[in-house]
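Here's a solo chain for you in structure tokens, the form predicted on its own.
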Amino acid sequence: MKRALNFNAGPAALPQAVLEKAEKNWLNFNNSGMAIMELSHRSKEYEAVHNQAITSLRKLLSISDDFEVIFLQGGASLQFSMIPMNLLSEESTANYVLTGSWSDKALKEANKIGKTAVAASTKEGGYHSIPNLSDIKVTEDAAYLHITSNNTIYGTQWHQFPDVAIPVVADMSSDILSRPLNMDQFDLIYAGAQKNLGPSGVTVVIIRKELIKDNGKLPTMLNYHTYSSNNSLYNTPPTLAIYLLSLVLEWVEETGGLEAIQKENTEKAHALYAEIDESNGFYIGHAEKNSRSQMNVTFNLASEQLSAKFLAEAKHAGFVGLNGHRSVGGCRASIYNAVPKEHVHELASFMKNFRLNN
């Protein structure tokens, strides 16, 4: 079978090696006579998968024992509510940096829980960039500072992170595992799996243990303490998604770890941005150069008609998922870890040929 040229923003491409290994074990996992999604989440076979996924994530991201790694459901969108419910008190203010639609949605949910403030924003400028670190102003009673590390819709990404004297919370749904991280810069990281971690259905939260409180007023399933005290096994977790996540983490290790992944991601992004920059305005990149994402390359053409022609011809050529988000239009190539660099170079060649012919 010829694999699709998949540039979907999420659910996104998974490594072919991961899919092949899952297929091989699909009907008979570890000689159990059952598929992984048929196993009890209390069985020793599944428990080994569960714990290995946590161990692998700790190793790849150099996560110390100061942090808890937990698996949840509900996507990053549920975390928009869980974070203020667990971290925000009546006496404090949640601070948010607005860099795109998802940070805006996170703020709206926090507004339902307690007091909030905007510490910095590029909304008025159309979300073309990430704010300068010096422009971030937190309130004196700040409970935490929330950022979205990569903005899938607008194609911007943080390349340096805030250094503030309050907990830093980061939505890393679309760029976790794409580069090495200094975990000391963060206090809570959360990510829906469906970009770089695995399939949709599981959400990873990495939280500093001192932030986990046993708040008896919270609903059980919205309390981080429930998950940390039960190894994320208080109820039935998304076992198939966690199994595939564990295989993705194994693949990242076999690929050479995050340094190797970052190097390849840089090469892939350069191939597309070079075509945009050399097109003399034929392709118009959305993000300012110092804020460009290595995960989502967003651009427009001179007219809606030309953009539509580009997308139609790209679809005919076998490219999938190049339409921009419905809220902004245009074009977007999502080039997460599992998108082969050969596919990215094919896209760059297509873009060049389309430009020369039009």
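Numbers for residues come from their place in the sequence shown, where the first is 1. These numbers come from a predicted model, not from an experiment.
Beyond what is shown, the protein has a form predicted together with another copy of the chain; the following relates to that form.
- For another copy of the chain in the predicted complex, the listed stretch (31-39, 52-60, 303-311, 289-297) containing residues with heavy atoms inside 4.5 Å is 31-39.
- Not one of Ala142, Leu258 and Ala271 comes within 4.5 Å of another copy of the chain in the predicted complex, counting any heavy atom.
- Checked against another copy of the chain in the predicted complex, the candidates Lys105, Lys115, Arg208, Lys123 yield a single residue with a heavy atom inside 4.5 Å, and that residue is Lys105.
- Of the residues given (Ser129, Ser279, Ser228, Ser200), Ser200 alone sits with a heavy atom within 4.5 Å of another copy of the chain in the predicted complex.
- Another copy of the chain in the predicted complex comes within 4.5 Å of no heavy atom belonging to Gln160.
- Ala348 falls outside the set of residues with a heavy atom inside 4.5 Å of another copy of the chain in the predicted complex.
- Although the partner is absent from this view, Thr266 stays clear of another copy of the chain in the predicted complex, with no non-hydrogen atom inside 4.5 angstroms.
- In the predicted complex, at least one heavy atom of Glu23 sits within 4.5 Å of a heavy atom of another copy of the chain.
- Using a 4.5 Å cut-off on any heavy atom, the residues of 216-247 that reach another copy of the chain in the predicted complex are, in sequence order, Gly216, Lys217, Leu218, Pro219, Thr220, Met221, Leu222, Tyr234, Asn235, Thr236, Pro237, Pro238, Thr239, Leu240, Leu244.
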